[in-house]
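Listed next as structure tokens is one chain, alone, in the form predicted on its own.
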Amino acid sequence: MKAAAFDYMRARDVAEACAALAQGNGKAKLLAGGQSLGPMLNLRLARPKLLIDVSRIQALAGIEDKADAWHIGAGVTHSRLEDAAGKLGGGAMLAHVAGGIAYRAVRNRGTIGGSLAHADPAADWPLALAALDAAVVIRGRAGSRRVAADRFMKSAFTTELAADEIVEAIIVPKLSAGARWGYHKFCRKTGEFPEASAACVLDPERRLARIYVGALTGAPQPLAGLARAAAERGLAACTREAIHEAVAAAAPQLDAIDRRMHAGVVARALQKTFQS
């Protein structure tokens, strides 16, 4: 199929993109890497009246070291983060996650901000950034604001973004030298969206203990009790029963088979955490 007819504009800066979104009155869409929006346009699942191209806005394309955090522009591609492996002090998990997204051709075009804004429940970034205690910088006509990454996605394909707002950047706190992390997902075929996914981050110096389970029907869900137990008593506290109970409480909508699959992925993420 081919996309329905739409108007196109290339925004020169973030302010112009926000103004165009506002004028679109809910019928405009942003185009960054187009790896999710492109297929949706062709299948006519999305029928915007106006397509606003933000792919060439330089203000969205930077990766900045802010001493205690990484400031990542929303237009940074997955492949740039993948290729930054070994260069992101305190942010090694970012490069690891980026390198596991789809295929290299997709990573060359897809962007971290676009993935967050699309809010697919099975996507990697909503899960990983929630576990890393990141914040999303949102820009609109009224100015900018920050939203915690674990609150940015409200439900499947629904976010905190207002009609005139754009994801401008993501702020990811650096992990300390003693931090441990693990990320695992189960895909039926390499490159596909996962059937189940989980992320674990334990950083005693920052008093950070977070475990999230993803690839659910909505936003990633925290396993706060299990994270505290892992931080206090180590892997021995994360028994099969404890993991199953935590997953069942966080995602009661899962059937028995899906619950076992998600619990298994959480267990693997924990194992990777304590092996690191």
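It should be emphasised that the depicted structure is a prediction, and the values quoted were computed from it without experimental measurement. All residue numbers are counted from 1 along the displayed sequence.
One more form of this protein should be noted, the form predicted in complex with a small molecule, which is absent from this view; the next part is about it.
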Query raised in the report: Ok, Gly191, Gly89, Gly99, Pro204: which has a heavy atom sitting within 4.5 Å of the small molecule in the predicted complex?
Result: Gly191
Report summary line: Residue within 4.5 Å of the small molecule in the predicted complex by heavy atom, from Arg180, Arg80, Lys174, Lys185, is Lys185
Query - Interface segment, criterion being heavy atoms within 4.5 Å of the small molecule in the predicted complex, picked from 208 to 216, 230 to 238, 33 to 41, 246 to 254 - result: 33 to 41
Requested in this report: Flag Ala156 as yes or no: does it have a non-hydrogen atom within 4.5 angstroms of any non-hydrogen atom of the small molecule in the predicted complex?
Outcome: no
**Report entry** Residue contact check: Ala117 to the small molecule in the predicted complex, 4.5 Å heavy atom
**Finding:** yes
Query raised in the report: Is there a non-hydrogen atom of Leu161 within 4.5 angstroms of a non-hydrogen atom of the small molecule in the predicted complex?
Result: yes
Query raised in the report: Going by a heavy atom distance of 4.5 Å, is Val147 a contact of the small molecule in the predicted complex?
Result: no
